[in-house]
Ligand code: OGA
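What follows is a single chain, given as structure tokens, in the form predicted on its own.
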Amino acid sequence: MTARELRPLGEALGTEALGVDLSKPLDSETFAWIEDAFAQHPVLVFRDQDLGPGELAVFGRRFGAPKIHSLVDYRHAEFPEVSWLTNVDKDGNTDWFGVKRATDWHTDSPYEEVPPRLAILHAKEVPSSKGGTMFADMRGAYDSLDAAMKQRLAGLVGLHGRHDGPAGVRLYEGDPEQNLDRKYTEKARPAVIRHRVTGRPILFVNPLHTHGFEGMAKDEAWTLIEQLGEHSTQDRFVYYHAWRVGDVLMWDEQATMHRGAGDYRPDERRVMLRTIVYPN
């Protein structure tokens, strides 16, 4: 292995962490180095890894408490805290829900009692071209808002549900209900939060799950949600990750939004393992 170092992959986000083999137990010094890097670089990539689901679960648990995924059919049979992100169904055919799943901007599960800290994807099979994942820097998005908008957002509380924001309705309208582990209710979150480590202000509004604001009419709220989504996903805030087999990518669920680019041929296999981690 080379010496540990960080290398930028994109202008807004995306940093490669070199010199770490995640298949081996991480000593405290190496783990502290990863934690420090992740606090400043909320999309962190480890190339050329080969982890089984158990090893991925062990890595995820170093950062907090794992969460069994709400979509029952996508859970790993032996390691339920690991799930499949795939466009292939159990019979080897194209999984059309898997193809379009999560292809609009969001952060995962803001409707949970406690939202997740981070998520990790490990690429096992990738299309011959494209099929990337996009990330938006919600720290930079907030910083670049004008003073009037910052003042407007300072007192706003967003309402988050499951796929019932403006993008969620467009993306999943007419789809059959998925096999969920339970019913998820609405959660209220401040529109601007502070990063748990750095204290930086973060715009915490996404068009997939945020469906309103307390005390605001729906039409006005949806207009604002769409406006903030367009602002946050300008090219200057976005990193497109082009997957390679063996990539392990972890992202900060506070500091970023993400989406599947949805730009590959769906008849080509795209298979990844994922684990989502919550604060202890």
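Note that residue numbering follows the sequence shown and begins at 1. If you're wondering where the values come from, they're calculated on a predicted model, not measured in any experiment.
Although not depicted, the form predicted in complex with N-oxalylglycine is the subject of the following passage.
Here the chain stands alone, but in the model of the complex its contact with N-oxalylglycine, taken as any heavy atom within 4.5 Å, falls in 100 to 108 among 152 to 160, 136 to 144, 70 to 78, 100 to 108. Between N-oxalylglycine and the residues L121, L118, L171, A191, the one pair within 4.5 Å by heavy atoms in the model of the complex involves L121. Residues H209, H231 and F237 are none of them found to lie within 4.5 Å of N-oxalylglycine in the model of the complex, as judged by heavy atom distances. Taking non-hydrogen atoms only, L85 approaches N-oxalylglycine to within 4.5 angstroms in the model of the complex. At the 4.5 Å threshold, heavy atoms of G14 stay clear of N-oxalylglycine in the model of the complex, well away from it. Using a 4.5 angstroms limit between non-hydrogen atoms, W251 touches N-oxalylglycine in the model of the complex. In the model of the complex, not one residue of 58 to 84 has a heavy atom within 4.5 Å of N-oxalylglycine.
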